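Single chain ahead, by itself, as structure tokens, in the form predicted on its own.
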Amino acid sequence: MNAPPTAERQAAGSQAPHPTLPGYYDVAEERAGFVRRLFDDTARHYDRINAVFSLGTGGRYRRQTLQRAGLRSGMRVLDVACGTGLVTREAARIVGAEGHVMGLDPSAGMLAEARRQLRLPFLQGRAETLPLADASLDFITMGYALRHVADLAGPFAEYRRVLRPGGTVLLLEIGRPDGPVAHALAKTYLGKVVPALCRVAAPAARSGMLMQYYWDTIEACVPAETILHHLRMAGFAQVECETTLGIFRSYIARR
């Protein structure tokens, strides 16, 4: 299958996952640099931050979600925005020695931590310009980072380009809960409790700011249907979104 015609891709349009957040940066063009510096500054403490946020259950959830999406032994995988390798690690366990897993991230600090912990190939780069050949992968993952890209259309076009026919993209995200009670609980925990705990757990880093920014991007993010729409417009099929506990979302699409 060929990539969608240029006119079709242009019709999909550019869609930022959330508007500019002036409390952190002033214009949209500053977002990428701000996010990269924020993750560089918190890289050494990121796994501890994640453990606080997920209450120690993140590894099991990531592994089970990868398997439900169809990741199997022997597959060739790219983990986009891999960070310290939390999703990468689970993918490598599933595909085994017969498979091949790579990680990609724009943050040099995050990649240094990933390389320290895992003997896997890690590349520095962005979702919008993947340094890989056409139709070279079976599976692409992106864990909790879609809110940090400049627009949805660019990464989705790249994902389709590098996937083989029948390949899968899995986007793990946290969505704004529906309903006033669920939203209030999530806002209290993710927007107040977690940042406060992270300031105590890693006081020398900007961990509190990282998790406050995390919640603010969740609050401002486009709805699930917008993400599904842009996956379809990029040429993906069998596009769906699974929601767990009201906030954990798994977007799955096939090439």
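When you see a residue number, it is the position in the sequence shown, counting from 1. If you're wondering where the values come from, they're calculated on a predicted model, not measured in any experiment.
Not on display, but discussed next: the form predicted together with a small molecule.
- Heavy atoms of Val169 never reach within 4.5 Å of the small molecule in the predicted bound form, leaving it off the interface.
- Looking at Gly175, you'd find every heavy atom of it more than 4.5 angstroms from the small molecule in the predicted bound form.
- At the 4.5 Å threshold, heavy atoms of Tyr46 reach the small molecule in the predicted bound form.
- Mapping the unseen interface onto this chain, Cys221 falls outside it, with no heavy atom inside 4.5 Å of the small molecule in the predicted bound form.
- Each of Asp105, Met110 and Ala145 places at least one heavy atom within 4.5 Å of the small molecule in the predicted bound form.
- Note on the partner interface in the predicted bound form: the residue among Ala91, Ala127, Ala114, Leu163 having a heavy atom within 4.5 angstroms of the small molecule is Ala127.
- This chain lacks the partner; the member of Ala186, Val35, Ala69, Val194 within 4.5 angstroms of the small molecule in the predicted bound form by a non-hydrogen atom is Val35.
- Heavy atoms within 4.5 Å of the small molecule in the predicted bound form map, among the stretches 70-78, 115-123, 132-140, 148-156, onto 148-156 alone.
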